[in-house]
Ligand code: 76R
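Here's a solo chain for you in structure tokens, the form predicted on its own.
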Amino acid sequence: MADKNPRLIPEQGWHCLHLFYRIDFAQWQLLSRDEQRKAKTALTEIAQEVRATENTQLLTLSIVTPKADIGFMLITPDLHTANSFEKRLTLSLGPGILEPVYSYLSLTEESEYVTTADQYAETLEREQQLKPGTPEFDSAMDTFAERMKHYTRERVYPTLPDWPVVCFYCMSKRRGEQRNWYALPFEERRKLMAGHAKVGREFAGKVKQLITGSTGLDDAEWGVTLFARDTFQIKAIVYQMRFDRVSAEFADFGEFFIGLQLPLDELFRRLQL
């Protein structure tokens, strides 16, 4: 059961933890068959408890490369809940069995460059010659409002998809002497991000993206989680994004982790536990 502390829920968004571990197989082999069975049961019960917690989601991942063996992606509003479950997951198979190799803390968030209603209204007038107060204009604005409501809900309070391939990496915007993202005027940054988002929309239905903010929370500024049904689409979107000016001139990337979403029973078999 999660600790009974005062809740620490952010003004906007949910906490997001990415946790990656190696398994100390030498330690695991020192356990008896009964101890191993109890350890796997303990992890299964914790996962069930996490998923039964309000507004909380947990993905269990088999990491494809030797960077790690097992990964968890945890989303929950309360930081106490996130911290408690993280500690319990780390110890779930027994002391020293799961060795942390990488972790990342971030918050789900809405992009600061999102198009506002006023900006969209200006676009309707300028590009489609629609006049405020006309049925066509009002209908277009209503459609925009509904679309933005859905966008905000998916960015800030997402439902994680069950697509099998999960890619995670962190990134920051460059602050070098030659290229400093934060020295650009806001309107220029907004236009650049609009072009960046356009590339992402080309992969609609193929890749789902969750961008979480980590400024002041972890070493980089954003965590990026990509979900896909095959690795080609992950490779394709990251490759195409790097030709966009935002990535080509202003982005610094962290380490990449690729995982496969698996239920715990299959994950135990995959890891030969």
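On a predicted model such as this, the values are computed, not experimentally measured, just so you know. Don't overthink the numbering: it's just position in the shown sequence, from 1.
Just so you know, the form predicted together with the ligand exists too; it's not on screen, but the next bit is about it.
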Would you kindly say which of Leu105, Met141, Met171, Leu91 lies with a heavy atom within 4.5 Å of the ligand in the predicted bound form?
Met171
Heavy atom within 4.5 Å of the ligand in the predicted bound form - the one residue of Leu61, Leu226, Val50, Ala68 that qualifies
Leu226
Partner proximity in the predicted bound form: Gly200 to the ligand, non-hydrogen atom cutoff 4.5 Å
yes
His80 near the ligand in the predicted bound form, any heavy atom under 4.5 Å?
no
Taking heavy atoms and a 4.5 Å cut-off, does Phe186 contact the ligand in the predicted bound form?
no
Residue-level contact is defined here as any heavy atom of the residue lying within 4.5 Å of the ligand in the predicted bound form; does Thr115 satisfy this criterion?
yes
Okay, which stretch from 80-88, 93-101, 149-157, 132-140 lines the ligand in the predicted bound form, with non-hydrogen atoms inside 4.5 Å?
149-157
Can you confirm whether Leu17, Gln57 and Phe72, the three residues that make up this candidate site, all sit within 4.5 Å of the ligand in the predicted bound form, judged by heavy atoms?
no
Heavy atom within 4.5 Å of the ligand in the predicted bound form: which residues of 225-239 meet that condition, in order?
Leu226, Ile237, Val238
